[in-house]
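Two separate entries follow, structure 1 and structure 2, each one form of the same protein chain as structure tokens.
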Structure 1
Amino acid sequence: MNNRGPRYPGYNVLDKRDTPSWNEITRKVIDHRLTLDGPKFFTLEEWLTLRALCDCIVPQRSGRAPVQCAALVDHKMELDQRDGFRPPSLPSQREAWRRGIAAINEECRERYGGAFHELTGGQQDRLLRLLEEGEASSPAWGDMPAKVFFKRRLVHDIAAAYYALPHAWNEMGFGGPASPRGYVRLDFNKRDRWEAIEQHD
């Protein structure tokens, strides 16, 4: 992670909320995302594991409000909002998440004696590396490939949730949806006057 501080110090995309940069639909969508908390879909143990997985996949900078990406993943599962595609080796996303979290926790118990959210940071990292490399071995995975679940559900859904929230936008100077104002200066090293100014590379 970058230890030199934020690239866009003092920038807060929510300052654009009541400006011509955002329309009413954008305001409603973002306001709703910011009020989400969980769990609504996941059980308490699944929720604790999901939160720990989020902390590993998208570690967050200290000293600022956390991005509640676990709540957005939970909301997606609660509404069963699908991507429109899935690998044939995975079941539907709800079943994949239920089975995936159960298998992760079983794998952790077999190797380390506790559920994923009960492990040390080093143990969690090693377990995720096993999933990424396809070396998970617990029978709890059944016919669902751990490597495919890791890449196509776990990382995909958590990263998408993280970058759907304003606190993550602040990190990269993103101004939010381009409606109704839009973006005009789209060439390299060009910026519209209402965009954030980067302080360092």
Structure 2
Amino acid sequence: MNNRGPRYPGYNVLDKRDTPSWNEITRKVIDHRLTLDGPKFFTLEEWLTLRALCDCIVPQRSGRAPVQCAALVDHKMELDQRDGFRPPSLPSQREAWRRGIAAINEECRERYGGAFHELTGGQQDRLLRLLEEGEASSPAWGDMPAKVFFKRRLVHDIAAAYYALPHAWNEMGFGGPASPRGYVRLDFNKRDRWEAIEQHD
């Protein structure tokens, strides 16, 4: 684990919630996002796998990704909010996720004798690299290529959910919502009062 402190200590984008940086609809949608705690679409068993996958794809210093990350993936499936396209080798997103989680757990059982969330960190990491390299071998994958699922659904959906959370914006020093008030200072090393301050060591 990394022992460096946060890059933007003390910065919390939510502190701007009641300033001119946030309009009404922004407050509404972010407030709602922070109430999500899932699962509504996934079964409890699938949820355990998804949580463990989030911990691997977007690991935290504290060791656990915020619950809203998995919950936002679950929410996307619950509402079936699609991306607008899919590769010919994948079924639609709900089916892809259901089959993908089942196949991951099957692959884990065959190799390590337990479900994904029961494995050690090292085993989880090895398993994900194997999917990434296209070396999954469980028949549970059927005609769905594990490599495509890994890239297009697993990593993509989890990262897109995580980086839609204020928690992640704080880590990056992103300004967050900005309407009606945007920014005034645009030049190198210039910062408006309502932007994050970077820690220089």
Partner chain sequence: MTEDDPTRVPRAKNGRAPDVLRVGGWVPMRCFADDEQVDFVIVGTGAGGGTLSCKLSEYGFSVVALDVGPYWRPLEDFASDEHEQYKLYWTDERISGGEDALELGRNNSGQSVGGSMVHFAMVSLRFRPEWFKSRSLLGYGVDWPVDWREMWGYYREVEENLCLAGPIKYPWGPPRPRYPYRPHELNAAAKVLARGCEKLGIKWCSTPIATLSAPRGLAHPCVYRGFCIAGCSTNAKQSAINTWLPRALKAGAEIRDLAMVGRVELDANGRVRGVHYHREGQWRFQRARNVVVAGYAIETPRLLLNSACPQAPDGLANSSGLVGKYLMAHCNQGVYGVFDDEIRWYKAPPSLSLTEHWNYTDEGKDFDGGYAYMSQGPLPVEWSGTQTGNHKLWGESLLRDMERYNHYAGLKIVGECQAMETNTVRLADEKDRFGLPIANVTFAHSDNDKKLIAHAKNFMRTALEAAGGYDIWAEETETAHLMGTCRMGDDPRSSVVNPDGRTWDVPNLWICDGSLFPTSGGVNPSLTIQAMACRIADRIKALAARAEV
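Please read these numbers as outputs of a predicted model, since none were measured by experiment. Throughout, residue numbering runs from 1 along the sequence of structure 1. For clarity, a rigid core is taken as the largest C-alpha set superposing within 1.5 Å between two forms.
Just checking, which of these two is the form predicted together with its partner chain?
Of the two forms shown, it is structure 2 that corresponds to the form predicted together with its partner chain, while structure 1 does not.
Quick one: once the rigid core is lined up, does Lys16 have its C-alpha move by 2 Å or more between structure 1 and structure 2?
Result for Lys16: no, shift under 2 Å.
Core-superposed comparison between structure 1 and structure 2, Ile25 Cα displacement 2 Å or beyond:
No.
Superposing on the core, what C-alpha displacement does Asp187 show between structure 1 and structure 2, in angstrom?
Shift of Asp187 at C-alpha, rigid core superposed: 4.7 Å.
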